[in-house]
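Listed next as structure tokens is one chain, alone, in the form predicted on its own.
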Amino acid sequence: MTVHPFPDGFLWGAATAGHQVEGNNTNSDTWFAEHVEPTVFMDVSGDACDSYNRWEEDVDLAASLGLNAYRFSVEWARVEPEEGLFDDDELGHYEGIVDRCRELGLSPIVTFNHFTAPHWFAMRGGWLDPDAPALFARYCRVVADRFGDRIGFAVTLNEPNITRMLTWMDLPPFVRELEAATLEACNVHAGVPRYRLSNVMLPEEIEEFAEGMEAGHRAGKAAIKEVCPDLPVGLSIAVMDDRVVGDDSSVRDRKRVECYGRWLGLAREDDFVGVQNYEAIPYDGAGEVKPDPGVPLNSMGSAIDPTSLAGAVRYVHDEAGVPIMVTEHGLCHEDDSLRVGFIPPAIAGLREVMDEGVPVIGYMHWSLLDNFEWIFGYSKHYGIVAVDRSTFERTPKPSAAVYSAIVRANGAEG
């Protein structure tokens, strides 16, 4: 197999997210939900990867792999810990990350909201609050005004469709029950009627949440563009490579409408769209077709399939028609040798899609670090760099070397 080099200027990066790596995000909704009883979160995030203090080490690590981009998020809860009160020191903290990226030749790809929000925002009902879009826009404007002129790409929201997509997965009933119990515990401990997070939702509220987040994306993008009119702005969408087995596509098609339709329609108005893909799922006319016995599975129970990325990117571009950035892609597994074998063919497949004419701006591997994986705590690992939970020492895995070699060759291999 021969893979053509990627275009000059193609962005090769790795991704992180504030709450998952920084640690002690104490003014956030997720921190609050981790500490109520009962809670759906298996672990408290605690110090996470201590990246709030070790961010420079992480940025330097990304640069040492030969990357030319780094995706990270600004934590709204740090920047605006109280409603209407913006912390200049915290803005300076994130400004420092942006400036260090630029110093090292990394394009800063900044996510303005990667799930977590301020505690006060959740107390108002989160994205169910009619004022939520305006509140988000105010925050976006402040961040953009501080350092928007120095970032490469802005992602307003991370995976606003993820909770809808999870309704298509075979989660045990107790998970839904525990999510509801967590939110009720949050209500009680916060003393409010409706404490809400964007990645722990009641099924009956998903559509109302989507309406709020859609309005939030529009308002946030407009605010960013007011300050930085030339800054590319988009959102990232969780996209499985949904496939059809046999000749009945009805289930697959219904899933696409429910899980992606709203967001792909919204993306048509944007400068780019972020694709976040981890698996391919086949469907026949009756539902999901489970993997055959003996097929290697990732830690989430899906078949390991590096061709899923190409399928997801091709579908999203067919629907949205705007440039694509792969804002997340990776493999959840303890065995890094599987990741070593997974990355090269996935990237080769991405190049094939580009050869077909799909404009792809860049590829951000998830994740740079093994980190806090939301309700799964520290039990799941996506990183190309291991993190010691006691010392926080970073140790690149063999997969980091494999990815680095691809990057340094600009994707070419023979």
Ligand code: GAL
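When you see a residue number, it is the position in the sequence shown, counting from 1. Computed from a predicted model, the values in this text were never measured in an experiment.
Only in words, not in the display: the form predicted in complex with the named molecule, which the text now covers.
Taking the partner from elsewhere, residue 328 is found to have a heavy atom lying within 4.5 Å of the named molecule in the predicted complex. Although the partner is absent here, residue 121 is not a contact residue: none of its heavy atoms lies within 4.5 angstroms of the named molecule in the predicted complex. Contact check for residue 382: a heavy atom falls within 4.5 Å of the named molecule in the predicted complex. The named molecule is not shown here, and in the predicted complex it never comes within 4.5 Å of any heavy atom of residue 156. The candidate stretches are 111-119, 247-255, 190-198, 169-177, and the one lying within 4.5 Å of the named molecule in the predicted complex by heavy atoms is 111-119.
The contact residue chosen from 343, 97, 281, 162 relative to the named molecule in the predicted complex is 162, the criterion being a non-hydrogen atom within 4.5 angstroms. None of 276, 182, 107, 302 but one reaches within 4.5 angstroms of the named molecule in the predicted complex through a heavy atom, and that residue is 276.
Shown without its partner, the chain has 366, 373, 374 in segment 353-377 as residues with a non-hydrogen atom within 4.5 angstroms of the named molecule in the predicted complex.
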